[in-house]
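What follows is a single chain, given as C-alpha coordinates, in the form predicted alone.
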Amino acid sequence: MKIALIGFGVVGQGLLEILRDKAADLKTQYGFEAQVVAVATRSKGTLYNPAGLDIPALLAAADDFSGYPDSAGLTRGTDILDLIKTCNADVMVECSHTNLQTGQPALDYCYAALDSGKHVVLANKGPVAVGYNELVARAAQAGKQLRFEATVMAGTPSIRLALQALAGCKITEARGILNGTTNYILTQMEGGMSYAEALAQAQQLGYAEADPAGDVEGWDAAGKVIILARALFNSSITFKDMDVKGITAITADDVKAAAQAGEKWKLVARVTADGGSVQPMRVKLSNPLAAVSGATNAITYTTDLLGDVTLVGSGAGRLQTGFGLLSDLLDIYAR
(Lines give C-alpha, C1' and ligand atoms only; values in the text may rest on other atoms or scores of the structure.)
Protein backbone atom coordinates (compact mmCIF):
# COMPACT_ATOMS: atom_id res chain seq x y z
CA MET A 1 0.00 0.00 0.00
CA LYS A 2 1.46 3.34 -1.10
CA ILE A 3 0.72 6.21 1.26
CA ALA A 4 0.74 9.99 0.91
CA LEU A 5 0.91 11.58 4.36
CA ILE A 6 -0.46 15.10 4.71
CA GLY A 7 0.69 16.67 7.98
CA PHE A 8 3.76 15.53 9.84
CA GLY A 9 3.27 16.56 13.43
CA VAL A 10 2.86 14.32 16.44
CA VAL A 11 0.20 12.10 14.85
CA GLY A 12 1.91 11.67 11.49
CA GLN A 13 5.19 10.84 13.19
CA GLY A 14 3.37 8.38 15.46
CA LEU A 15 2.00 6.52 12.44
CA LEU A 16 5.44 6.32 10.85
CA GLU A 17 6.97 5.04 14.09
CA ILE A 18 4.39 2.25 14.11
CA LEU A 19 5.03 1.41 10.45
CA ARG A 20 8.78 1.32 11.15
CA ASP A 21 8.61 -0.74 14.33
CA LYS A 22 5.86 -3.15 13.32
CA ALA A 23 6.75 -3.66 9.65
CA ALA A 24 7.72 -7.32 10.07
CA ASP A 25 4.68 -8.18 12.23
CA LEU A 26 2.27 -6.43 9.86
CA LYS A 27 3.68 -8.33 6.88
CA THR A 28 3.66 -11.70 8.67
CA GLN A 29 0.20 -11.40 10.22
CA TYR A 30 -1.71 -9.50 7.54
CA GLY A 31 0.45 -9.49 4.41
CA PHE A 32 0.46 -5.71 4.76
CA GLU A 33 3.43 -3.71 3.50
CA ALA A 34 3.25 0.09 3.67
CA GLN A 35 5.36 2.34 1.49
CA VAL A 36 5.28 6.07 2.21
CA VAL A 37 5.77 7.82 -1.12
CA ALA A 38 4.90 11.41 -0.16
CA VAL A 39 4.92 13.63 2.91
CA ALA A 40 3.55 17.17 2.83
CA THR A 41 3.24 20.01 5.31
CA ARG A 42 2.48 23.69 4.84
CA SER A 43 5.44 24.73 7.00
CA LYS A 44 8.20 22.31 6.01
CA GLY A 45 7.26 21.71 2.36
CA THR A 46 6.85 18.41 0.52
CA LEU A 47 8.85 15.31 -0.29
CA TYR A 48 7.88 12.82 -3.00
CA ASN A 49 9.52 9.73 -4.38
CA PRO A 50 7.34 7.28 -6.34
CA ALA A 51 9.75 4.51 -5.35
CA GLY A 52 9.21 5.27 -1.66
CA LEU A 53 10.68 7.45 1.06
CA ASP A 54 12.89 6.13 3.86
CA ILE A 55 10.86 6.15 7.09
CA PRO A 56 13.79 6.37 9.55
CA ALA A 57 15.24 9.26 7.50
CA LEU A 58 11.84 10.98 7.48
CA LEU A 59 11.60 10.75 11.25
CA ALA A 60 15.12 12.05 11.63
CA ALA A 61 14.22 15.05 9.42
CA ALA A 62 10.85 15.71 11.07
CA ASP A 63 11.79 19.24 12.13
CA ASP A 64 13.29 20.30 8.82
CA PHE A 65 12.82 18.46 5.52
CA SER A 66 16.09 19.94 4.25
CA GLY A 67 17.73 17.29 6.42
CA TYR A 68 16.18 14.48 4.38
CA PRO A 69 18.89 13.06 2.08
CA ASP A 70 18.67 13.47 -1.68
CA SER A 71 18.12 10.31 -3.69
CA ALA A 72 17.20 9.22 -7.21
CA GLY A 73 13.61 10.16 -8.02
CA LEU A 74 13.16 12.51 -5.06
CA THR A 75 11.14 15.68 -5.68
CA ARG A 76 10.92 18.56 -3.23
CA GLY A 77 8.59 21.54 -2.96
CA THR A 78 5.65 20.42 -5.09
CA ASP A 79 2.38 22.24 -4.37
CA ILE A 80 0.38 20.09 -1.96
CA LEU A 81 -2.78 19.89 -4.07
CA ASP A 82 -0.76 19.07 -7.19
CA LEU A 83 1.16 16.44 -5.26
CA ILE A 84 -2.04 14.80 -4.02
CA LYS A 85 -3.51 14.71 -7.52
CA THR A 86 -0.43 13.39 -9.31
CA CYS A 87 1.42 11.15 -6.86
CA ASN A 88 1.21 7.35 -7.13
CA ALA A 89 -0.24 6.80 -3.65
CA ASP A 90 -3.11 4.37 -3.07
CA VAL A 91 -4.20 6.18 0.09
CA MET A 92 -3.98 9.73 1.38
CA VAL A 93 -3.65 9.98 5.17
CA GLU A 94 -4.74 13.42 6.41
CA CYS A 95 -3.47 14.49 9.83
CA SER A 96 -2.78 18.18 9.38
CA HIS A 97 -4.04 21.01 11.61
CA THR A 98 -7.79 20.86 12.37
CA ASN A 99 -10.11 23.69 11.37
CA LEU A 100 -13.59 22.96 12.71
CA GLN A 101 -15.13 26.05 11.12
CA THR A 102 -14.31 25.45 7.43
CA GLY A 103 -12.45 22.14 7.34
CA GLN A 104 -9.91 23.82 5.07
CA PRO A 105 -7.44 23.33 3.56
CA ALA A 106 -7.75 19.67 4.49
CA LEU A 107 -11.22 19.36 2.95
CA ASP A 108 -9.87 20.32 -0.46
CA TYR A 109 -7.03 17.84 0.02
CA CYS A 110 -9.59 15.09 0.63
CA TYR A 111 -11.61 16.05 -2.44
CA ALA A 112 -8.46 16.05 -4.57
CA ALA A 113 -7.45 12.62 -3.27
CA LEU A 114 -10.84 11.02 -3.90
CA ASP A 115 -11.26 12.66 -7.29
CA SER A 116 -7.84 11.35 -8.34
CA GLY A 117 -8.68 7.79 -7.28
CA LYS A 118 -7.18 7.52 -3.81
CA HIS A 119 -8.67 6.21 -0.58
CA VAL A 120 -8.80 8.73 2.27
CA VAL A 121 -7.99 8.12 5.95
CA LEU A 122 -8.31 10.98 8.43
CA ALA A 123 -7.21 11.91 11.91
CA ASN A 124 -8.26 15.50 11.11
CA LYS A 125 -11.75 16.17 12.47
CA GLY A 126 -12.43 19.26 10.36
CA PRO A 127 -13.23 17.72 6.97
CA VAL A 128 -15.53 15.09 8.49
CA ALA A 129 -17.38 17.59 10.68
CA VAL A 130 -17.83 20.13 7.89
CA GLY A 131 -17.99 18.13 4.65
CA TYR A 132 -19.13 14.61 5.56
CA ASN A 133 -21.94 14.25 3.02
CA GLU A 134 -19.86 15.51 0.12
CA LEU A 135 -16.93 13.32 1.14
CA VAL A 136 -19.14 10.24 1.27
CA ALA A 137 -20.65 11.08 -2.12
CA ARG A 138 -17.28 11.61 -3.77
CA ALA A 139 -15.87 8.44 -2.23
CA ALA A 140 -18.83 6.45 -3.57
CA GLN A 141 -18.49 8.03 -7.01
CA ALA A 142 -14.78 7.19 -7.08
CA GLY A 143 -15.30 3.69 -5.70
CA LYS A 144 -12.88 4.48 -2.87
CA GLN A 145 -12.97 4.14 0.91
CA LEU A 146 -13.34 6.99 3.41
CA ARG A 147 -12.20 6.17 6.95
CA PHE A 148 -11.96 8.40 10.05
CA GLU A 149 -11.57 6.19 13.13
CA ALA A 150 -8.86 8.42 14.61
CA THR A 151 -11.10 11.51 14.69
CA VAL A 152 -12.98 10.28 17.79
CA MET A 153 -11.13 8.74 20.77
CA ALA A 154 -7.86 8.41 18.81
CA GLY A 155 -7.13 4.72 18.34
CA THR A 156 -9.80 3.42 20.69
CA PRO A 157 -12.23 1.90 18.15
CA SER A 158 -15.33 3.94 18.94
CA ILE A 159 -16.54 4.31 15.35
CA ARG A 160 -15.62 0.77 14.36
CA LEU A 161 -17.52 -0.52 17.40
CA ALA A 162 -20.64 1.36 16.35
CA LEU A 163 -20.58 0.67 12.62
CA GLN A 164 -19.10 -2.82 12.52
CA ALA A 165 -19.15 -4.66 15.85
CA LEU A 166 -22.68 -3.40 16.66
CA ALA A 167 -24.01 -3.95 13.16
CA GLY A 168 -27.55 -5.36 13.48
CA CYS A 169 -28.26 -3.31 16.57
CA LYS A 170 -30.19 -0.06 16.43
CA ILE A 171 -28.21 2.63 18.23
CA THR A 172 -30.48 5.27 19.71
CA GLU A 173 -27.93 7.33 21.63
CA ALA A 174 -24.21 7.81 22.14
CA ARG A 175 -22.91 9.66 25.16
CA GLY A 176 -19.53 9.89 26.75
CA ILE A 177 -16.34 11.66 27.71
CA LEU A 178 -14.74 12.68 24.44
CA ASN A 179 -12.16 15.21 25.61
CA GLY A 180 -9.24 14.04 27.72
CA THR A 181 -8.04 17.50 28.71
CA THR A 182 -11.22 18.43 30.52
CA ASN A 183 -11.51 15.02 32.13
CA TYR A 184 -7.95 15.35 33.44
CA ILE A 185 -8.71 18.78 34.89
CA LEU A 186 -11.87 17.57 36.62
CA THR A 187 -10.03 14.54 38.00
CA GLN A 188 -7.32 16.77 39.48
CA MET A 189 -9.97 19.03 41.00
CA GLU A 190 -11.42 15.98 42.74
CA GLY A 191 -8.02 15.66 44.42
CA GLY A 192 -8.19 19.21 45.76
CA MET A 193 -6.74 21.38 43.02
CA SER A 194 -8.42 24.57 41.86
CA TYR A 195 -9.48 24.86 38.22
CA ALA A 196 -6.54 27.20 37.50
CA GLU A 197 -4.03 24.82 39.11
CA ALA A 198 -5.40 21.80 37.27
CA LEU A 199 -5.37 23.65 33.94
CA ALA A 200 -1.77 24.75 34.48
CA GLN A 201 -0.74 21.18 35.21
CA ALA A 202 -2.59 19.91 32.12
CA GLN A 203 -0.70 22.46 30.02
CA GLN A 204 2.61 21.48 31.60
CA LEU A 205 1.98 17.82 30.77
CA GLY A 206 0.95 18.59 27.19
CA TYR A 207 -2.71 17.65 27.62
CA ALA A 208 -3.84 21.25 27.09
CA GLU A 209 -2.66 23.82 24.55
CA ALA A 210 -1.33 27.24 25.51
CA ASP A 211 -4.77 28.46 24.40
CA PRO A 212 -7.02 25.75 25.85
CA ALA A 213 -10.34 27.29 24.79
CA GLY A 214 -11.21 24.60 22.25
CA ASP A 215 -10.99 21.95 24.95
CA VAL A 216 -12.23 23.64 28.12
CA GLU A 217 -15.13 25.46 26.42
CA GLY A 218 -16.39 22.20 24.89
CA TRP A 219 -15.78 22.77 21.18
CA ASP A 220 -13.40 19.88 20.63
CA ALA A 221 -15.97 17.48 22.07
CA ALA A 222 -18.68 19.19 20.01
CA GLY A 223 -16.73 18.50 16.83
CA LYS A 224 -16.67 14.82 17.75
CA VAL A 225 -20.42 14.92 18.43
CA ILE A 226 -20.96 16.19 14.89
CA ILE A 227 -18.84 13.36 13.47
CA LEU A 228 -20.79 10.77 15.47
CA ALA A 229 -24.08 12.34 14.38
CA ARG A 230 -23.02 12.04 10.74
CA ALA A 231 -21.77 8.48 11.06
CA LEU A 232 -24.49 7.05 13.30
CA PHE A 233 -27.61 8.92 12.30
CA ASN A 234 -26.78 10.58 8.97
CA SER A 235 -27.59 13.84 10.74
CA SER A 236 -26.56 17.23 9.39
CA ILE A 237 -26.35 19.07 12.74
CA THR A 238 -23.87 21.90 13.07
CA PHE A 239 -22.32 23.73 16.01
CA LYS A 240 -25.17 26.23 15.85
CA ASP A 241 -27.68 23.44 16.46
CA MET A 242 -26.02 22.26 19.67
CA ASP A 243 -26.04 23.40 23.27
CA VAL A 244 -22.32 23.55 24.08
CA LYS A 245 -20.91 24.47 27.47
CA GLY A 246 -17.46 23.79 28.89
CA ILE A 247 -16.02 23.40 32.38
CA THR A 248 -14.62 26.89 33.00
CA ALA A 249 -17.32 27.81 35.50
CA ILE A 250 -16.93 24.70 37.67
CA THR A 251 -15.36 25.54 41.03
CA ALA A 252 -13.67 23.51 43.74
CA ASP A 253 -16.83 23.96 45.84
CA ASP A 254 -18.92 22.46 43.01
CA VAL A 255 -16.66 19.41 42.92
CA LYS A 256 -16.85 19.02 46.72
CA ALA A 257 -20.64 19.29 46.68
CA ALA A 258 -20.87 16.58 44.04
CA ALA A 259 -18.56 14.29 46.03
CA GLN A 260 -20.67 14.74 49.15
CA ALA A 261 -23.70 13.61 47.13
CA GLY A 262 -21.89 10.55 45.76
CA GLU A 263 -21.41 12.08 42.32
CA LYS A 264 -18.66 13.36 40.02
CA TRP A 265 -18.53 16.16 37.49
CA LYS A 266 -17.94 15.07 33.90
CA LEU A 267 -18.08 16.93 30.59
CA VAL A 268 -20.58 14.72 28.79
CA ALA A 269 -21.09 14.74 25.04
CA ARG A 270 -24.40 13.32 23.84
CA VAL A 271 -25.85 12.62 20.41
CA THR A 272 -29.14 11.15 19.17
CA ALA A 273 -30.97 11.22 15.86
CA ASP A 274 -32.58 14.47 17.03
CA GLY A 275 -29.41 16.39 17.88
CA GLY A 276 -26.45 16.67 20.21
CA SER A 277 -25.01 18.55 23.16
CA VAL A 278 -21.89 19.00 25.27
CA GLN A 279 -22.56 19.82 28.92
CA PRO A 280 -20.82 19.50 32.28
CA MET A 281 -22.99 17.40 34.54
CA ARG A 282 -22.94 15.46 37.75
CA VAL A 283 -23.06 11.70 37.27
CA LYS A 284 -23.69 9.11 39.95
CA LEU A 285 -20.83 6.83 40.98
CA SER A 286 -22.81 3.89 39.57
CA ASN A 287 -22.55 5.43 36.09
CA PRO A 288 -19.69 3.83 34.10
CA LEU A 289 -18.50 7.32 33.13
CA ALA A 290 -17.83 8.19 36.78
CA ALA A 291 -14.97 5.67 36.91
CA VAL A 292 -13.20 7.21 33.91
CA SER A 293 -10.38 9.34 35.26
CA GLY A 294 -7.42 11.32 33.98
CA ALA A 295 -7.08 11.89 30.23
CA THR A 296 -9.00 8.70 29.41
CA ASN A 297 -12.08 8.81 27.16
CA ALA A 298 -15.23 6.70 27.18
CA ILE A 299 -18.38 6.28 25.12
CA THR A 300 -21.64 4.48 25.85
CA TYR A 301 -23.88 3.33 23.00
CA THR A 302 -27.50 2.63 23.84
CA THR A 303 -28.79 -0.20 21.65
CA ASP A 304 -32.00 -2.15 21.19
CA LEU A 305 -30.46 -5.62 21.45
CA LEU A 306 -27.58 -5.23 23.92
CA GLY A 307 -28.71 -2.31 26.04
CA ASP A 308 -25.84 -0.02 26.99
CA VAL A 309 -22.37 -0.88 25.68
CA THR A 310 -19.50 1.18 27.08
CA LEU A 311 -16.03 1.46 25.58
CA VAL A 312 -13.19 2.99 27.62
CA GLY A 313 -9.74 3.86 26.29
CA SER A 314 -7.22 6.45 25.30
CA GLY A 315 -8.55 9.51 23.52
CA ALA A 316 -5.27 11.10 22.47
CA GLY A 317 -1.57 10.45 22.08
CA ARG A 318 1.14 9.97 19.50
CA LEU A 319 1.03 6.20 19.09
CA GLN A 320 -2.63 5.89 20.11
CA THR A 321 -3.84 8.16 17.30
CA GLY A 322 -1.27 6.66 14.94
CA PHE A 323 -2.85 3.29 15.67
CA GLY A 324 -6.27 4.69 14.74
CA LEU A 325 -4.84 5.54 11.32
CA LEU A 326 -3.20 2.12 11.03
CA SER A 327 -6.47 0.35 11.85
CA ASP A 328 -8.17 2.15 8.98
CA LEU A 329 -5.33 1.36 6.58
CA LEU A 330 -5.58 -2.32 7.51
CA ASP A 331 -9.35 -2.21 7.06
CA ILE A 332 -8.97 -0.77 3.55
CA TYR A 333 -6.24 -3.26 2.70
CA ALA A 334 -8.45 -6.21 3.75
CA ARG A 335 -11.32 -5.21 1.44
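Residue numbers run from 1 along the displayed sequence. Since the structure is predicted, the reported quantities are computational estimates derived from the model, not experimental observations. Rigid core here is just the name for the largest C-alpha set that superposes within 1.5 Å across the two forms.
Not pictured, yet referred to below: the form predicted together with a small molecule.
Peer 1: Could you spot which one of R147, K125, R175, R230 gets a heavy atom to within 4.5 Å of the small molecule in the model of the complex?
Peer 2: If I apply the 4.5 Å criterion carefully, the residue I get is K125.
Peer 1: Report the residue, out of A106, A208, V130, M242, that has at least one non-hydrogen atom within 4.5 angstroms of the small molecule in the model of the complex.
Peer 2: It is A208.
Peer 1: If contact means a heavy atom within 4.5 Å, which one of 79-87, 191-199, 214-222, 162-170 is the stretch that engages the small molecule in the model of the complex?
Peer 2: Stretch with heavy atoms near the partner: 214-222.
Peer 1: Is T181 close to the small molecule in the model of the complex, meaning a heavy atom pair under 4.5 Å apart or at it?
Peer 2: Contact check for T181: yes, within 4.5 Å of the small molecule in the model of the complex.
Peer 1: I'd like to know whether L326 contacts the small molecule in the model of the complex, with contact meaning heavy atoms within 4.5 angstroms.
Peer 2: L326 lies outside the contact set for the small molecule.
Peer 1: In the model of the complex, does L16 have a heavy atom within 4.5 Å of the small molecule?
Peer 2: No, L16 sits far enough from the small molecule in the model of the complex that none of its heavy atoms falls within 4.5 Å.
Peer 1: Should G12 be classed as touching the small molecule in the model of the complex when contacts are defined as heavy atoms within 4.5 Å?
Peer 2: Result no; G12 lies far from the small molecule in the model of the complex.
Peer 1: For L122, is the CA shift between the shown form and the other one at least 2 Å following rigid-core superposition?
Peer 2: The answer is no; the displacement is under 2 Å.
Peer 1: Establish whether a shift of 2 Å or more occurs at the C-alpha of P157 between the shown form and the other one, with the two forms superposed on the rigid core.
Peer 2: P157: C-alpha displaced by less than 2 Å between the shown form and the other one.
Peer 1: Please state whether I185 has a C-alpha shift of 2 Å or more between the shown form and the other one, with the rigid core used for the fit.
Peer 2: It does, since the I185 C-alpha is displaced 2 Å or more between the shown form and the other one after the core fit.
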